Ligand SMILES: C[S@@+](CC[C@H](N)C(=O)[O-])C[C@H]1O[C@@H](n2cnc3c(N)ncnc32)[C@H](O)[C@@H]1O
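We begin with a single chain expressed as structure tokens, specifically the form predicted on its own.
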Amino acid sequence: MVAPSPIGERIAELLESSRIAFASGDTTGAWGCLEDAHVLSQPWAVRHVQVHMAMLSLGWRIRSAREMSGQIARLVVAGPASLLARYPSGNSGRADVSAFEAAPIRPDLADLLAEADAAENGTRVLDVAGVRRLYDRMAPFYDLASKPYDWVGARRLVDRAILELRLQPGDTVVDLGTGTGRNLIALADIVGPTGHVIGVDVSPRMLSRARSRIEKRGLRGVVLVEADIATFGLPVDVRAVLSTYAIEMLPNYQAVIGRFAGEMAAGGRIAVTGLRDPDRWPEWTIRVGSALNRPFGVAKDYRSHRPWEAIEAHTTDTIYEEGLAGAVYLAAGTATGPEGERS
């Protein structure tokens, strides 16, 4: 949905060059810059719409009714066309050219697009430094950006996951990838004043938001730890581990889940929720979903990640449930550690 930085930077340069050219009286040059920007922008909805807005603005300035009406029509379809990858590559975006007509792409622009395609379709599973950078950037608006998922019911599986931990007052629970701490209050309410909640995240800025949340509620039994969840070691008294929309981001999620299940005492519970590749959706809808989730670090390489299978392999009394027609999942199970069954 958002163009990678080299493409985005080049489009921004072309938009600025168009403004400068028009200000100096070079209307032809101004349109040429916008046409190049359009060719580069087509695969990415936000930039695609931005370029058509610039074209509409220029059409208004030259008082071209044809250009303005053509750009208004194109603005309606630009975003969806990018999300669905249904656009005529090389099209100039101008009103005097059919919106359905593809055209050859100039070699310098083709090279930029090829580089961006290689970056997007190569290995996109983020390392720990990449995850930290991404979520440090997202921290100020993460809660707002994730609200639509609550509206369509994704939070329901998170609430169910917390219940599947089977927590009791006085327990110690770890929330892996705690983010802004949305799960911490519910967990603290269940374990009570004698229990402990440990929130773990690699992003200091996300943890800062979580800290503000727990301080506002005056929660004393909550501890925040800045750490990579792939290497975080569980305290010996942990009875439950929760991970919501986080563990599937790990390249070695299978080994990590196995380690956590093995480190807990027998009878401890682990519950995981996250996005999954829905089996029953048409491919174009999956492409749209992937594009909408790209700001959260989701890329097509994650489509093969199946953490619920790791839960099933490393626990007993396992449950599995899907939501949103198979786009989200919950998996939970009981650890079989060496310390005996929980009383």
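Keep in mind that this is a model prediction, so the values were computed, not measured. One-based numbering along the sequence shown.
Note that the form predicted together with the named molecule isn't included here; everything after this is about it.
- Partner proximity in the predicted bound form, defined as non-hydrogen atoms within 4.5 angstroms of the named molecule, places exactly one of 188-196, 244-252, 73-81, 96-104 at the interface: 244-252.
- Under a 4.5 angstroms non-hydrogen atom cutoff, the named molecule in the predicted bound form lacks Glu263 among its neighbouring residues.
- In the predicted bound form, the named molecule stays beyond 4.5 Å of every heavy atom belonging to Arg160.
- For Tyr87, no non-hydrogen atom is located within 4.5 Å of the named molecule in the predicted bound form, even though that partner is not displayed.
- For Val128, a non-hydrogen atom is located within 4.5 Å of the named molecule in the predicted bound form, even though that partner is not displayed.
- For the options Arg155, Arg259, Arg209, Arg166, the residue carrying a heavy atom within 4.5 angstroms of the named molecule in the predicted bound form is Arg155.
- For the candidate set Val174, Val202, Val272, Leu184, a heavy atom within 4.5 Å of the named molecule in the predicted bound form is found for exactly one residue, namely Val202.
- Residues of 16-34 that come within 4.5 Å of the named molecule in the predicted bound form, judged by any heavy atom, do not exist; none qualify.
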